[in-house]
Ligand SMILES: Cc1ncc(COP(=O)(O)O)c(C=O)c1O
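Encoded as structure tokens, the following chain is the form predicted on its own, with no partner shown.
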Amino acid sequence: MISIAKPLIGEEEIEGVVNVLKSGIIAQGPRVKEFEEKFAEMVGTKHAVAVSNGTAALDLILKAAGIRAGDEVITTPFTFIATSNSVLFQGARPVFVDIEEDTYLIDPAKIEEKITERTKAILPVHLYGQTADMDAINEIAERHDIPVIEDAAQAHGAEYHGRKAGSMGLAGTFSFYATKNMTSGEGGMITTDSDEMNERLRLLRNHGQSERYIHKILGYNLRMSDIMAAIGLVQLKKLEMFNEKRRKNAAFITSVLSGIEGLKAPVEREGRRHIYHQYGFRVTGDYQLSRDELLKKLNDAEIGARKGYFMPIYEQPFYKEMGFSQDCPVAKRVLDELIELPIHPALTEDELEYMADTIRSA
């Protein structure tokens, strides 16, 4: 089976972990500090705060930004559920805005109509490795004096007019889960230029401690370990190579799809650098097979393609029980048409050709 994702772990990562184990400092220590510094440098922010996972990153920045019960946070229904769940963790309510059909990203033209006096943040997701329209989003946010928090969990190294994902709002959040463009096994990072946010995040992740056994606020244990940071440091060095391979693979698959009526490749908007965490293409009504028929042919050929997120978040059972009943018709239609195809940097040329031949023959 050609897997949908495959982490590339080499001898350098193994050596990094072994060195940490030999050092005896295996919890949060010097490797975490180094990882934070180098990740902030890559993103182009003043600070980076490492945490235990990407969901923790979202949770902590929303807490640090003062989101609380009764507040509303505008976000997208077309993403992994952790984004809106993190809003719920605060006792706040996610307000879902529909997406652009060609990019699958939150539609800035539909944000302003959802803003109320309770809106306290806008939380765009840089889905699949392409940044949302941050100029348009920030313009709306500035007009209403609302902070923007970027969910960049799938966008390590993605760019918007020369600016890196995670550098264009109050803060950005990243995940280093095993399937991401770079990994530390688990782990997350929050990037920000705000000294105030940086200080508060460091308290929140470590029991509210300003120094040992001095607790200034209610905090949590959401630290990253030096073992995870050792892997992340090596992966960060390889990130650009990984991303370029993903872009090359995506360009090849797009060239194949462009010659088949009814198959719609993902769009890379002008001025953006898509780093293809996933390659999601659409099977429209102009194609001779349904989405599910094509997906079955791919899976029967041992290609690990899959549906995208099965439904808009507000249709998830838990959300329906909570009374969410919003309607985002573009997100719903795209989800019904979408197939995610393997695009990771471990793919060989033979595997790419095999996927192309399978799609053509189908």
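Remember, predicted model here, so these are calculated numbers, not experimental data. The first residue of the sequence shown is number 1, and the count goes up from there.
FYI, the form predicted in complex with this ligand isn't displayed, but the following is about it.
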Quiz item: Among 183, 243 and 275, does every residue place a heavy atom within 4.5 Å of this ligand in the predicted complex?
Solution: no
Quiz item: Is residue 62 a contact residue for this ligand in the predicted complex, using a 4.5 Å heavy atom cut-off?
Solution: no
Quiz prompt | Partner contact for residue 53 in the predicted complex: this ligand, 4.5 angstroms, heavy atom | solution = yes
Exercise. Give a yes/no on whether residue 309 approaches this ligand to within 4.5 Å in the predicted complex, heavy atoms considered.
Key: yes
Quiz prompt | Proximity of residue 224 to this ligand in the predicted complex, heavy atoms at 4.5 Å | solution = no
Quiz item: Quick one: which of 146-154, 195-203, 105-113, 246-254 gets within 4.5 Å of this ligand in the predicted complex, going by heavy atoms?
Solution: 146-154
Practice problem: Using heavy atoms only and a 4.5 Å cut-off, determine which of 83, 235, 167, 130 is in contact with this ligand in the predicted complex. | Solution: 83
Practice problem: Have a look at 48, 32, 58, 313 for me and say which one sits with a heavy atom within 4.5 Å of this ligand in the predicted complex. | Solution: 58
